[in-house]
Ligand code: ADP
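We begin with a single chain expressed as C-alpha cells, specifically the form predicted on its own.
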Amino acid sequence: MFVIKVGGSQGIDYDAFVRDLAQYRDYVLVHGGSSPLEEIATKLGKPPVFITSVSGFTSRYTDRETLEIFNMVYAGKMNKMLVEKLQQVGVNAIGLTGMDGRILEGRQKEALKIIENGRKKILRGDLSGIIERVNTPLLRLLLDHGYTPVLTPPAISYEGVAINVDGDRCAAQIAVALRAERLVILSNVPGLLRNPQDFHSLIERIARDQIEEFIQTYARGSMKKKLLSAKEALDGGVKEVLLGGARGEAPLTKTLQGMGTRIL
C-alpha cells in the first residue's frame, strides 16, 4: 500500500505518469493543479496572491472567490482529467475532493501570522485550514471494492466550510491514516536540489533527523512543504518518503528505483 502525490506545475507529463501508474495496484492518488489554477485565475481577473508565514512557508491566500476558482480547476479540470486518463488505461478511478464524504476534515484557521514587507502582520478572511481527521473507512471501502481514489483539496471544516489545504500535507495525512508503507511525491523537479537551477545537484538521501536542517538550507518555495510533509508522514509511521520528478517516461518506477530523494 502506498500513497502518491503528483503536482500541478508546468512540465509534468501526465500521460507518461498515468501509463506508469497503471501497472501498480493498491494506492491512493493525490494531485495538485497550481499551474492551470494560476493561468485560469489570472484570465478571470483574480491572479493568485501568495503569502509567507512567520515560519517561512509560502501559501496561497484563499478568499471565497479564489476558493470557487480553486474548486473549478482542482475538482473539475485536473481531477476529471486524471480520472479519464486512468480509465483509459484500465484503472477504475473515482475522483473526489477532501470535502466529499468528509474524507479530509479539519479546522479553519482563524487568522494567519504573516510577513509582509519585512514586518509581521495578522491576516484574516483566509479560507485555509489544517487537516485533523481522515475518513479512513471510506477510503478503505473504495479500495476494497476495486476503486482507485483520486483525491484533491479542498478539505471540509467541522462547520461544513470548504478550506484550502496543502496537497503534499494531504497526501502525508492520508498515508499515515492508511498505514501506508511509502509516500511518493512527484513534481516538476527530480527531488531536493542543492541548487534549484541545477538538476544535477540532487540530494539523494536524507535522514529523518536532518529534515529541519534541509528545510532551512536547501528547500525553496513548495519544496519546504514537501519536506514538512515527509516529516509528518515519517512521524506518523510511514517507513519512507520518496521525492521524484514527473517530466519523462516511467516517473514513478524510476523514483521507486532510486532516481530521486529518499527520506527515511
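Computed from a predicted model, the values in this text were never measured in an experiment. Start at 1 with the first residue shown and count on from there.
Separately, the form predicted in complex with this ligand exists; it is not shown, and the next lines address it.
Taking the partner from elsewhere, residue 223 is found to have a heavy atom lying within 4.5 Å of this ligand in the predicted complex. Although the partner is absent here, residue 219 is a contact residue: one of its heavy atoms lies within 4.5 angstroms of this ligand in the predicted complex. Among residues of the shown chain, residue 229 is not one whose heavy atoms approach this ligand to within 4.5 Å in the predicted complex. The shortest heavy atom separation between residue 142 and this ligand in the predicted complex exceeds 4.5 Å. Just one of 93, 178, 165, 189 comes within 4.5 Å of this ligand in the predicted complex, counting any heavy atom, and that one is 189. This chain is displayed without this ligand, yet in the predicted complex the stretch 189-197 from 123-131, 189-197, 93-101, 152-160 comes within 4.5 Å of it by heavy atoms.
In the predicted complex, the residues of 9-42 lying within 4.5 Å of this ligand by at least one heavy atom are, in order, 9, 34.
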